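Next comes just one chain, in structure tokens: the form predicted alone.
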């Protein structure tokens, strides 16, 4: 019988999904900084027989510019391997005939150039950073409160993330403010949405039990993956906090020091004759 626990489950894996910020690199001034060992770890996964994809809630740049930054940091990653929320959100808008009011980072706006934004009938909120001013939040509130059936999409629901100069508030904080003010529930596009994870698995042609998620966010990366049927491993880099290991609702299948350590274990297990 196959071993379904960590690290034995690595023997039967067919794919690995990685978070980016906090796992491969820490964002910050310029392109940010690669986390020690992560560039080589990604290279080793790519050279293995495992499929590899990158699942991120990054919403401060277009996918092309974001991947270009990762390449400058030294990662051999292509655009087609990276799954951020914005393209998924655009697909939902087209499917449902919605016109968004955008509360997002300036760097993400080009993603929505082809989307009709006149007379908006929904609001999309992403990690807008400095654009999260009172004026801009209030404008989004007014759009929502003025709709007979308000629709709020959030490109993720993270509480905070890590940059090189410390922790920063993430989109989930502002999503909750709009939910509270408008007495509604946001539709999350991005992690931890099962639909978002399933889109990555579908691209890989894998079933949930055949893949493993590695991330620094216990709730959105690990918990979201587990809810979808995957294993979830947390790294002690990025936004990791020691209290995560005592979380009342989510328990990682494993907690490891960093991505390089996780890859050592995964490939080591597979080399034992799985």
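Fair warning: this is a prediction, and the values are worked out from it, not measured in the lab. Numbering follows the first chain given and starts at 1.
Heads up, the form predicted together with another copy of the chain isn't pictured, but that's what we're talking about next.
Engineer: In the predicted bound form, which of the stretches 72 to 80, 110 to 118, 151 to 159, 196 to 204 has residues with heavy atoms within 4.5 Å of another copy of the chain?
Structural biologist: Result for this chain: 151 to 159.
Engineer: Report whether the minimum heavy atom distance between residue 130 and another copy of the chain in the predicted bound form is within 4.5 Å.
Structural biologist: Yes - in the predicted bound form, heavy atoms of residue 130 and another copy of the chain come within 4.5 Å of each other.
Engineer: My question is simply whether residue 166 lines the interface with another copy of the chain in the predicted bound form - judged by any non-hydrogen atom within 4.5 Å.
Structural biologist: Yes, residue 166 sits close enough to another copy of the chain in the predicted bound form that at least one of its heavy atoms falls within 4.5 Å.
Engineer: May I ask you to state whether residue 106 is within 4.5 Å of another copy of the chain in the predicted bound form, using heavy atom distances?
Structural biologist: So residue 106 does not count as contacting another copy of the chain.
Engineer: Residue 137: heavy atom within 4.5 Å of another copy of the chain in the predicted bound form?
Structural biologist: Residue 137 belongs to the contact set for another copy of the chain.
Engineer: Using a 4.5 Å cut on heavy atoms, which of 177, 147, 186, 90 is close to another copy of the chain in the predicted bound form?
Structural biologist: The residue in contact is 177.
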